[in-house]
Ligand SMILES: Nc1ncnc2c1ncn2[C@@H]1O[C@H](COP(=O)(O)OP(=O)(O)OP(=O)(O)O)[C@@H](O)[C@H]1O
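Presented as structure tokens, the chain that follows is alone, the form predicted on its own.
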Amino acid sequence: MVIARFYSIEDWEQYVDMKMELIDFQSMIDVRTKELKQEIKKRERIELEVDKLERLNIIGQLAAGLGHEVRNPMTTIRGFLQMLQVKPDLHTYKSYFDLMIEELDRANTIITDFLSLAKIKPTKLKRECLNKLLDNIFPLLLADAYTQGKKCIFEPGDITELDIDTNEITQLVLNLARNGLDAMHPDGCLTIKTFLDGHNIVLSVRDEGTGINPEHISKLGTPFFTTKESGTGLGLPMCYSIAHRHRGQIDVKTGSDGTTFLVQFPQPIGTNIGF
């Protein structure tokens, strides 16, 4: 054990100053270490988002090249099946025709999702109020919730108008809302909110499910990743792609009491509050 000996007041003052400098230095190290950790996490998140967008771009390019070519023969096959379906002598096979047409329609839906990821045409933005768009589609969400024995609430906040593509944002909302409904047991409630957070307009979609497995969080938005038995793994990637085209981002908060998807859009300059 080292015991400091002081021969004068000056020695004591120098010792105290040295200790204070060491404490300040350690404090600076702690602050900088914390900042570096935050910077590393931020960089990792950006790299993850870039990787997802690159995958979306590759899939989009493939979809754009193959989608139309595949759709044309599918449309022809579907037409002939419908024509054969109504023939009296083939009525016995009606259930088979229904099944084949249903599978063709499902394949067509997947192709549509692929083409939505591609989005070769530029997004058509128009100054709109997000609350009005949500108010228009809310009856559809209520109907979806009602058929599943669940509830849906819309709580509009005082927000400014946005430059959005109404068709794309409608698609984003429907995907997030239906994912939330699927995640809940009967009597669960889906809550949709809008509010201002600094310079961002936020769309919040919260379910009362059991939360997302922590191992799956980093995979959200990755094409073909899904935990649903009949899912294609294209719904969330489409949402991430739409958010990116609107200069927005999607954050996720999850726990045992449910999951919240927060879509943040940058607030345009010179907009008016409205609902």
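Throughout, we count residues from 1 along the sequence that is shown. Small disclaimer: the values here were computed from a predicted structure and weren't measured.
Separately, the form predicted in complex with this ligand exists; it is not shown, and the next lines address it.
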Q) When you measure heavy atoms, are G180, T227 and T259 every one within 4.5 angstroms of this ligand in the model of the complex? A) yes
Q: Would you point out which of 211-219, 241-249, 35-43, 22-30 contains residues with a non-hydrogen atom within 4.5 Å of this ligand in the model of the complex?
A: 211-219
(Q) Taking any heavy atom pair closer than or equal to 4.5 Å as contact, tell me whether N175 reaches this ligand in the model of the complex. (A) yes
